[in-house]
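Heads up, the chain below is alone and in the form predicted alone; it's given as structure tokens.
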């Protein structure tokens, strides 16, 4: 570790806008979880379920929130700030090794059509393919083995990791990140059962990814039947997310691992769809809606609404339904005891 990567707790506090409680000159040279930290590491408390690990950690310093009891630090110096999760991300970024470099070049094994337009400072890696009339903006990086289809446009400063496929006529904005194994613009699931068998319905639309979108690994975003499947600015997809044809996802929404969005669903701005949730087709999730993990959403969710379960319902209704059988069983036992008591009283009165 170089000296430039060794900082005092005071310097870390200045980096994240925090306040030191303890040894202001303690040295740190890396990041680690509370459980696995060593004496040279800085860690953080981002979830209260791990509070008991703070006094026992070997970390030199722990980033905590303003509500943490500073007298319960064990031997660690505390750095108090408003948002430990965000603060720790800054610290990770500081200590992280430099990212891979993608120098401006077109690798000799890459295949770039004569009619493709490649901007300044673009990296095209080994075995990448850029088809006819595609356009790659300045400073973008098309890594090894990725495929850019005919008439597809990729904006400026976009990073497409190895083995990504973006099919014909799709639109990718500026500053987009697409991780390995993802397929953009495959056909939507358009089929119609008829007397002669299953008929394929042509999928003639596109996929559009606006500026700042990030797509995780092994995601699939289907092209629209007509028009566009649209990820608006700042949308983030976790790994293994499926988005069907003609879905629209509003700005800064997050779709988390293995969730699935059926065709023509409309997702508002700032929505969170948690892991393994399923969203029915042709419904709307209002701005700021929250969908709990593994939920099955079959009808519209209002703006700001939170739903859970299958079929998904408001959290209060879900909890009431879950608790009801236990409540009924308890009442049944109470009624049984009351009846036994009444029978006892009746026997005693006859005596």
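Predicted model only: the values in this text are computed from it and were never measured. Numbering follows the first chain given and starts at 1.
What follows is about the form predicted together with another copy of the chain, which we do not show.
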{"property": "is_contact(residue 19, another copy of the chain) in the predicted bound form, heavy atom dist at most 4.5 Å", "result": "no"}
{"property": "4.5 Å heavy atom contact, residue 254 and another copy of the chain in the predicted bound form", "result": "yes"}
{"property": "Another copy of the chain contact in the predicted bound form: residue 15, any heavy atom under 4.5 Å", "result": "no"}
{"property": "Another copy of the chain contact at residue 45 in the predicted bound form, heavy atom, 4.5 Å", "result": "no"}
{"property": "Among 260-268, 134-142, 69-77, 114-122, the region lying within 4.5 Å of another copy of the chain in the predicted bound form by heavy atom distance", "result": "260-268"}
{"property": "Contacts with another copy of the chain in the predicted bound form - residues in 20-54 whose heavy atoms fall within 4.5 Å", "result": "31, 32, 33, 35, 44, 47, 49, 50"}
